[in-house]
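In the block that follows, a single chain appears as structure tokens, in the form predicted alone.
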């Protein structure tokens, strides 16, 4: 006897995927360490989606070189098609980035500007960092994400990193100790993102 088909309500849900975008490509960057730290809070709930790193330093997109506006989706270059396929495969995003001169890195703006529809209606959370937490850079990025019609989460993480927390090359001396006060904020954002996807 064959088994009865599953009702839609009983069918296993496909795994939701979250791209955690490393939004800096500097040779000496704390972005990787912060991303690894954040990912520790991403799988603590059985309902949590799968979090995967998207490193813009490895993606290495050129400056926007598409002849047509991205909103038309008429991409001419292979690197754009690869980027489009990658971003389309995710259901939500977390952007991890430093604040530069009250803004956010050009490499992140460039990566966003290559596409349009691929970002639309997907939840987005921010993990900013700087000597004051990166609030102004985050404010600028929020405007751009709203222009791309992404669904911004209410909870964001603003990591305050002072010069006392880094060595002569600007890298963390004690990442666990420095970021310990922000664990609850990271957990809240993961919980909100999980709920937004379920």
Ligand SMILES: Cc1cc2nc3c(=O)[nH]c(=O)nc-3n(C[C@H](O)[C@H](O)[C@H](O)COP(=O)(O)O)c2cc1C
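On a predicted model such as this, the values are computed, not experimentally measured, just so you know. Numbering follows the first chain given and starts at 1.
There is another form of this protein, the form predicted in complex with the named molecule, and it is not shown here; the text below is about that form.
Heavy atoms within 4.5 Å of the named molecule in the model of the complex map, among the stretches 108-116, 123-131, 80-88, 67-75, onto 123-131 alone. Think of it this way: in the model of the complex, the named molecule has a heavy atom of just one of 149, 40, 142, 26 within 4.5 Å, and the residue is 26. Shown alone here, residue 157 lies farther than 4.5 Å from the named molecule in the model of the complex, counting heavy atoms only. Residue contact with the named molecule in the model of the complex: residue 54 places no heavy atom within 4.5 Å of it. With contact defined as any non-hydrogen atom lying within 4.5 angstroms of the named molecule in the model of the complex, the contacting residues in 85-113 are 98, 99, 100, 101, 102, given in sequence order.
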